[in-house]
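Just one chain is shown here, as structure tokens, and it is the form predicted alone.
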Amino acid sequence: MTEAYFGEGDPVLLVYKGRKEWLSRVGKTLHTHIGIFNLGELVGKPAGTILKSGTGKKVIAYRPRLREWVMKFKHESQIIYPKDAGIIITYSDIKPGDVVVEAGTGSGSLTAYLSRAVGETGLVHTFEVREHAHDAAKRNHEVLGLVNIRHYLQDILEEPAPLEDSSVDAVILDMGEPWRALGEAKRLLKPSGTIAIFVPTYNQVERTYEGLLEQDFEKIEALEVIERPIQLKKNAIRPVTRMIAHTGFLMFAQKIV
């Protein structure tokens, strides 16, 4: 099947009235509060097909986007939201063919976006110290079929990453004390390579800034991304009353020769 048409086992996103969503696979039977859906009926059908449950309820079958997969990842701690992932990739200038190191895999949400960004010719090395998070991220990535990721159950604060000096295009740190990993990040980065750091508090921003100065990083900047959805309703278009506000602060800097 081409990507325009569903094949057996393909991922599918079912959407009910534009609000409720379910992720599943073509060929399975999906039980929901609005009825049972036979997803085998989607084989050979195009994305956007309307599917009826046994009770007559209608859903639209879409091919899930990466964002929709990632937001449903199993996780035990805060994930990197799409609003932050996009900025990290853009400000770090991550592109196809790049080699990226991530310290703090978590559920693997950012790792998935990095995998997409570096493409088939690139590689993402991701490090996690918690075994349960390491295992969960590997499972999440296996579901997506991502093969350009190398997972390490390792603390780079205690043991250097098994990579050569100046071999990495970008380093991303998502950990409690990122300033402690700046020396290792500097070792790994190519000249003019970018480091991106995610921290949730102002105190961490200040301590990390001091560390970046001590390690002679340049072009240091920090920012916060606020996402404010707009309610799309006839004669009542306005900002929604709930929003994803503070998730964390993003810091960026570049290594000099």
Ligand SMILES: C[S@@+](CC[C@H](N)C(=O)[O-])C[C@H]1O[C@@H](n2cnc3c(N)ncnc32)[C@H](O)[C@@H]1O
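Keep in mind that this is a model prediction, so the values were computed, not measured. One-based numbering along the sequence shown.
We do not show the form predicted in complex with the named molecule, though everything after this point is about it.
- Out of the listed residues R187, H151, R116, R130, R130 is the one that sits within 4.5 Å of the named molecule in the model of the complex by at least one heavy atom.
- Of the residues given (L163, I79, L123, L144), I79 alone sits with a heavy atom within 4.5 Å of the named molecule in the model of the complex.
- Within 4.5 Å of the named molecule in the model of the complex, a heavy atom is found for every one of L110, L157 and D174.
- A residue is said to contact a partner when one of its heavy atoms sits within 4.5 Å of a partner heavy atom; D98 fails this definition for the named molecule in the model of the complex, lying far away.
- The named molecule in the model of the complex is approached by E102, whose closest heavy atom lies within 4.5 angstroms of it.
- Contacts of stretch 193-213 with the named molecule in the model of the complex, defined by any heavy atom lying within 4.5 Å, are made by none of its residues.
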